[in-house]
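Before any questions on binding or motion, here is one chain by itself as structure tokens, the form predicted alone.
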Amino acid sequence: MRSAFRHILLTAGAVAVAATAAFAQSADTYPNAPIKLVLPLGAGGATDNLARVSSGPVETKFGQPIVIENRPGAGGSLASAVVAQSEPNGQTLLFANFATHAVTPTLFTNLSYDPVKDFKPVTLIASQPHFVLVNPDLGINTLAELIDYAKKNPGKLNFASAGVGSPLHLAAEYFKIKAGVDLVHVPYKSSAPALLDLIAGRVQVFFDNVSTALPHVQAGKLKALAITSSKRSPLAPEIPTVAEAGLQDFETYGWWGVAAPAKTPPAVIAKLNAAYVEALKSPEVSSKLASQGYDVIASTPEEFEAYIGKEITKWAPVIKAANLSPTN
């Protein structure tokens, strides 16, 4: 009996050693096949472009293609589920964003995965603030005037969004709380039709990313009352921050990063992080993203993990105050 038991222990130990060696070897030789980067949004948009620009030099460094797979829908939970349930070998990654990691943990309660525990952050790639936009025909020229008008006319102003739970939606909900105003939500499927209806005057207010809104602002089709970052944008230095415009303690950003399945080996996470950070700090990539309105971050995995925690804490009460659900 003792001999058999000892044989089992020795066999188990040998298997464990072999598995550990194979694990280490996989990290050393990673990647030895194409990497799949799953996006929670459709092809051709700003997020798709950001993923390709930031991942291009990583492809070159690794000598393996990074294949973009677009899986839009359900607030990013469709894409997230695919990655969370994939093999934790670094070959399938998620292009994480505000929706997948700041919103989903509060908005969804019956997911097949845990939005936090089932992922290991790799790097926070970039963030981008929003413009507070109005139609010029509204006759409002400052953020203070917007707040004053909204307080005197509760429920009479509509605000557009790119969908329930999107950063553009929650930025406006946050504004409602901070400014103490009542605006009516009009959700769209994406930013493009919302911008068109704002220009046409069918909605009056919209919080949108700097990169997509700026051409319309420069053309005089829209008026940007403020930017939601802590400092002015070099692309539009004439537009004040929300704080400068009179509303304190208010910042909102869309953000994007790379995450892997939770059990991905630390050595693989480190290798991915180093490659993406090197790419993002290269003059070619950093200048290109800056020209598109992005603030390049290139964080460590630990910094990204801490940032996600802070975002969840910040936005959970906003989501609850807005009484949001996955179907509204």
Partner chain sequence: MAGGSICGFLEMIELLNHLVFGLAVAVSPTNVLLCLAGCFLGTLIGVLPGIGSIATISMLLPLTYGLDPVGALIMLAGIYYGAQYGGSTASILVNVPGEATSIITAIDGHQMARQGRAGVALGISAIGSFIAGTISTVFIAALAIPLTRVALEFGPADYFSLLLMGVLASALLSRGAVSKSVAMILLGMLLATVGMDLETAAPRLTLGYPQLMEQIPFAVLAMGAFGLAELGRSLETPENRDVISRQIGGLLPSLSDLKQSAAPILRGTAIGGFLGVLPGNGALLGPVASYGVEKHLAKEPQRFGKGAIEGVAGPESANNAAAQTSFIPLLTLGVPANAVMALMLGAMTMNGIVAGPQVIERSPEFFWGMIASMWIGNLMLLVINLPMIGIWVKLLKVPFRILMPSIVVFCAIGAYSMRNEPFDVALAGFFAVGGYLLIKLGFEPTPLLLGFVIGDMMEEKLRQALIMSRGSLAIFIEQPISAGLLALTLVLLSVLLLPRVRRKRDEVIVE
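Bear in mind the structure is a predicted one, so any value in this text is a computation, not a measurement. Numbering follows the first chain given and starts at 1. Take the two forms, find the largest set of C-alpha atoms that superpose within 1.5 Å, and that set is the rigid core.
The same protein has a further form, the form predicted together with its partner chain, not shown here; the description that follows concerns it.
Query raised in the report: Each of 164, 187 and 193 near its partner chain in the model of the complex, meaning some heavy atom within 4.5 Å?
Result: All of them do, each having a heavy atom within 4.5 Å of the partner.
Requested in this report: Find out whether any non-hydrogen atom of residue 48 is located within 4.5 angstroms of its partner chain in the model of the complex, and reply yes or no.
Outcome: Yes.
Report task. Decide whether residue 240 counts as a contact residue for its partner chain in the model of the complex under a heavy atom distance cut-off of 4.5 Å. Result -> Although its partner chain is absent here, residue 240 would stay clear of it in the model of the complex, with no heavy atoms inside 4.5 Å.
**Report entry** residue 236, heavy atom within 4.5 angstroms of its partner chain in the model of the complex
**Finding:** Although its partner chain is absent here, residue 236 would stay clear of it in the model of the complex, with no heavy atoms inside 4.5 Å.
Query raised in the report: How about residue 158: is it within 4.5 Å of its partner chain in the model of the complex, going by heavy atoms?
Result: Contact check for residue 158: yes, within 4.5 Å of its partner chain in the model of the complex.
Query raised in the report: Ok, 133, 227, 172, 203: which has a heavy atom sitting within 4.5 Å of its partner chain in the model of the complex?
Result: Result of the distance check: 203.
Query raised in the report: Tell me, which of 83, 107, 126, 146 has a heavy atom within 4.5 angstroms of its partner chain in the model of the complex?
Result: It is 107 that has a heavy atom within 4.5 Å of the partner.
Query raised in the report: Tell me which of 118 to 126, 251 to 259, 90 to 98, 75 to 83 has residues with heavy atoms within 4.5 angstroms of its partner chain in the model of the complex?
Result: Selected stretch: 75 to 83.
Report task. Give, in sequence order, every residue of 211 to 225 that has a heavy atom within 4.5 Å of its partner chain in the model of the complex, or say none if there are no such residues. Result -> Read in sequence order, the residues that approach its partner chain (within 4.5 Å, in the model of the complex) are 215, 216, 218, 219, 221.
Query raised in the report: Once you line up the core, how about residue 200: does its CA shift reach 2 Å between the shown form and the other one?
Result: Residue 200 C-alpha, core-superposed: shift of 2 Å or more.
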